[in-house]
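Next up: just one chain, as structure tokens, the form predicted on its own.
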């Protein structure tokens, strides 16, 4: 697939209640690489396979949740094209100069209909994955892949009011594809999944009266053995687990767990390839157990009731 326009979810800034506990969780346990701490005390992380300087930013706060999400776009000209589309959609855009956000080029900053702060950017300093670009081989240096063996930040699930307007913005302005949905008996979308790549989704939306909520940040693993390894470490360190199961939606093998501040994380493996001619897949709410957790057929009350 020729991917242009919006490329991927490139960054999430997450609020944590205790930075020391958060650093142990995301760094020591999960195995993300700590890249820097800025003058404001924000801590920056990347997964080993990511080329860009960071994808996760932690900010200590008195409340957990999501400060912002940011998607990387193809080039600087794409930012100009998307800026016009966002304004025409009826959303105000703030222009952020390069360097205001560390290691990042200029950004567009705006608020989604669900109340989430979102950024678009085209440039971020690339630091590599230890393998280089000339005759890189197939394995990184020893000690680079550690903890849960996470390859990268993959997607997020956000909830708030006007989720259908998010869907409209992402499909009509950002040119995402609508891949899957969960509907009520009248056919109204309750959960919506969209993709800008060959993955089943790059972001998902859910309806909720409270704006700006985070359901989860999701991290990609390489293979089933890494999934077992991550789950073993989650158990070893008594990290609170919500579910270890398989999704019907997106067909991934997943583990949902919580960081020390109550933010939900996910690690997953597998899932189908998506192409623009793939049909929209629809699940009905009366079949939610199969859609959500197709092995246990059990949906914990917390799964659609706990957000940060």
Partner chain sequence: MAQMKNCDFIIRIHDSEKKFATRSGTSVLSALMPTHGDDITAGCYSGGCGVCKIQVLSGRYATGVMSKVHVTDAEKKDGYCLACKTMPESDLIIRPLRKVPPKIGHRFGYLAR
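If you're wondering where the values come from, they're calculated on a predicted model, not measured in any experiment. Numbering follows the first chain given and starts at 1.
Same protein, other form: the form predicted in complex with the partner chain, not shown, and the subject of what follows.
The stretch from 117-125, 82-90, 145-153, 184-192 that comes within 4.5 Å of the partner chain in the predicted bound form, counting heavy atoms only, is 184-192. The three marked residues, 259, 299 and 302, each reach the partner chain in the predicted bound form, with a heavy atom inside 4.5 Å. Shown alone here, residue 240 lies within 4.5 Å of the partner chain in the predicted bound form, counting heavy atoms only. Although the partner is absent here, residue 40 is not a contact residue: none of its heavy atoms lies within 4.5 angstroms of the partner chain in the predicted bound form.
Although the partner is absent here, residue 244 sits far enough away that none of its heavy atoms falls within 4.5 Å of the partner chain in the predicted bound form. Residue contact check for residue 62: one or more of its heavy atoms lie within 4.5 Å of the partner chain in the predicted bound form.
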